[in-house]
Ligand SMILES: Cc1cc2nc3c(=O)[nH]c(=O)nc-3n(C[C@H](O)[C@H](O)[C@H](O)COP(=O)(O)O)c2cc1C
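Just the one chain here, laid out as structure tokens, in the form predicted alone.
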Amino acid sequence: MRALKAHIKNMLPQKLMYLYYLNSAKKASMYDLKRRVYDKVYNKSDVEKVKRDLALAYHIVEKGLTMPKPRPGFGKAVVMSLLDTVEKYAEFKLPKHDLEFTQSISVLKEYLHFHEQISFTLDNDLLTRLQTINKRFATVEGQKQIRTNKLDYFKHKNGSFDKFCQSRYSVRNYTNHEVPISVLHDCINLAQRSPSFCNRQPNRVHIVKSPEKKEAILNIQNGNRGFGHLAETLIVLSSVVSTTKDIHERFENHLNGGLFGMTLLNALHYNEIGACSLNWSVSDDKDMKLREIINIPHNEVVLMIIACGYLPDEFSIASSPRKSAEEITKLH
């Protein structure tokens, strides 16, 4: 039977086979797409949305506070949006101890304090609202951004597993000291120990050192402003679609890539290389542009980019607190 199917496939024109597989893929993918579209159209949960908007905005602000050289008055539009969302959260009378709320308030206070320290006068409308929030939620505290040094940051790289995991943060400040290819290969070899579906090993790594190509890539990636240009190396992770058997394995490239990417980040940390994950949730024209810049094969799907490099003696990192296991776990 298998031989017969193969024979039939060989007899059919490629165009017809393409349309057949495209239709099968649409049918299988629609199950997932409907869930996402339904959520965006019919999910009326303002609570989930307001928490999402708080997290998105406060993280942008906390990143700005940890830039190598924070720009005075940075991110006014984002800060104003965060203030609006805090007001909406308060109107819903939601718990004041939820992480999204406490960290938002903390970041707004920190933003105000930063500008007071450098004696920079914020626009009056923004300043008034920040001072009001500071007084209204005087007892609400979150985690401040972390000022550290290279020695302290890597002190647990040979420590116990729990200390090692808790010591790694995204770092957005690098020196121009070259990271040797041999060291990167060591890190990639460690990442190769990540789980791989049926040991098919779909992950591919594109190391970008060329200043021109790095600049071109960063220009089309949304999320590296203020620090991306400092990265000595960009690592573009992709996955070979041809390793999947059919459309029902459509998640395997991203799943295996995520496992590989996390192990690679830990390997970089172990080798005292600072790193920050840059998302690749982009439009098709940007994806095609990236493929032109570094000649990524058509049968590889791009998953993410990692900016990395050796660290300066002192730098800041975003605290980015995490929810507890109890908050995200449901027992069945």
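Note that residue numbering begins at 1 and tracks the sequence as displayed. Every value quoted in this text rests on a predicted model; they were computed, and no experiment measured them.
Beyond the structure shown, there is the form predicted together with this ligand, which is absent from this document and is the topic of what follows.
The shortest heavy atom separation between G223 and this ligand in the predicted bound form is within 4.5 Å.
I273 falls outside the set of residues with a heavy atom inside 4.5 Å of this ligand in the predicted bound form. Among heavy atoms of F74, none comes within 4.5 Å of this ligand in the predicted bound form. When this ligand is considered in the predicted bound form, H206 lies well away from it, no heavy atom lying within 4.5 Å.
Of the stretches 22 to 30, 37 to 45, 274 to 282, 288 to 296, only 274 to 282 has residues with a heavy atom within 4.5 Å of this ligand in the predicted bound form. This chain is displayed alone, yet in the predicted bound form one of F154, Y169, F114, F197 has a heavy atom within 4.5 Å of this ligand; that residue is Y169.
Contacts with this ligand in the predicted bound form, taken as any heavy atom within 4.5 Å, map within 42 to 64 to H59, K63.
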